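The chain below stands alone and is given as structure tokens, in the form predicted on its own.
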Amino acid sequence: MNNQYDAFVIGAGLTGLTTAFYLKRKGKKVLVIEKNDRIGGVISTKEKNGFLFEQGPNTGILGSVEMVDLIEDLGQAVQLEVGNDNVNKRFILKGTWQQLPSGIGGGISTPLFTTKDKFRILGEAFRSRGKNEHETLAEMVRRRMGESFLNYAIDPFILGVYAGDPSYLVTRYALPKLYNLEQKYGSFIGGSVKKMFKAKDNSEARATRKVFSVNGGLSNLTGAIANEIGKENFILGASNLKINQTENGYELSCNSNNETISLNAKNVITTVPAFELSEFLPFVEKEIISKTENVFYAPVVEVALGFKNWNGIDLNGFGGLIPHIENRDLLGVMYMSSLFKNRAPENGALISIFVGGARKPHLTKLPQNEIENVVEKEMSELMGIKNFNPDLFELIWHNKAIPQYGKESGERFESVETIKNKYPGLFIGGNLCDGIGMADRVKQGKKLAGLVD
């Protein structure tokens, strides 16, 4: 192994893999270091009992040009699978399942919102811009759209994306596009309409925002990226990782396969969770690194539930989200076999379920049998299952699942920039900044690769 590299990439999740992929395409000598013995990070697909299910993210969104570029750059190595028409049917629980409206007309007729708030929605375009840059999402939505819109539109949406609390998340950081709509156009609705009719260039038009997976599951996506990077450019199962600054760049040391390895590179790109940074970057000032690590993570238990013969309600849709105000013990359900082919046996069903989140973290700490009891009770009541006897019942714990972009995020983002400026060649990535979705991760990874000379 050559001990001199252009760049080390720490972490073999989607961000790190994307970074290494584009570094290699630039002709750079790159080495990816991963503490686990597999690539992919939280992306992990598994087959069991005739079901194909995800143990991390279930879908992606073609929400950035970079996401589209990556899939195209991989060519025939992956086969994109776009969700069928059911993705447009999304349900919100308000006593019973109600279809989420997709336009102003539906917003006026839906039972999800109060009459008072329906009038507020009609008048939203005439309200003044907010002036508090740290305004929480809950505060912004109450101000512009009303309480019921917060409870039955924004709250379940945030549960589906962040497993979070709108009263904690700051709009400017958690949903910057929404924040910018108000700041630029003075209105969510008016801004959305203006953007809809604004001419898009070819690159913007390619980011269709369609829901996607790939044939065989999302592990095939990360596997294809890793194959392009080359297995010789990975160290898996690395432990005792330490990085130190040198006169010409950075020295990395770690243990792997009962050996101590020492290597050098001009650049280091980290893509690991925030709480791991100080452990292997001892030379970065504590005051700076502590601000970078200041992240609250929502814990989630993900449940893959499979039935070879489905006996519940019609799964003709994307899935359902459960507002916090409904006081249930599930965050939501996704009808995976309704969206993509070959996820469950014929006449069967595969459903992904989420428990816990920022406001009910205690549920993730329950013993396995108690979580299973919660799932059985809730699914039987909400999904009309008469005979709860699943053929697949897998629980996946994510104790630090999703970073929450609260008020402290601005300071964290600034510290990432401070590190880049103070320590040339050291770049901090990962979902502690620049967004949490798969499209965000790919966009950041490609950007990080572009920063390496």
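In case it trips you up, residue 1 is the first one in the sequence shown, and so on. Everything numeric in this text was worked out from a predicted model, so none of it was measured.
One more form of this protein, predicted in complex with a small molecule, exists but is not displayed; see below.
K.L.:
Any chance 100, 159 and 409 all have a heavy atom within 4.5 Å of the small molecule in the predicted bound form?
P.N.:
No: none of 100, 159 and 409 comes within 4.5 Å of the small molecule in the predicted bound form.
K.L.:
Based on heavy atom distances of at most 4.5 Å to the small molecule in the predicted bound form, which listed stretch, 23-31, 418-426, 401-409, 382-390, is the contact stretch?
P.N.:
Going by heavy atoms within 4.5 Å, the stretch is 401-409.
K.L.:
Heavy atom within 4.5 Å of the small molecule in the predicted bound form: which of 121, 272, 375, 265 fits that? Just give me the one.
P.N.:
Residue within 4.5 Å of the partner: 272.
K.L.:
Give a yes or no for residue 64: in the predicted bound form, does one of its heavy atoms lie within 4.5 Å of a heavy atom belonging to the small molecule?
P.N.:
Heavy-atom contact with the small molecule at 4.5 Å: absent for residue 64.
K.L.:
If we define contact as a non-hydrogen atom of the residue within 4.5 angstroms of the partner, is residue 250 a contact of the small molecule in the predicted bound form?
P.N.:
Residue 250 lies outside the contact set for the small molecule.
K.L.:
Look up in the predicted bound form whether residue 395 has a non-hydrogen atom within 4.5 angstroms of the small molecule, and give yes or no.
P.N.:
Residue-level check for residue 395: no, no contact with the small molecule.
K.L.:
Taking the shortest heavy atom distance, is residue 42 within 4.5 Å of the small molecule in the predicted bound form?
P.N.:
Taking the distances in the predicted bound form, the answer for residue 42 is yes, it comes within 4.5 Å of the small molecule.
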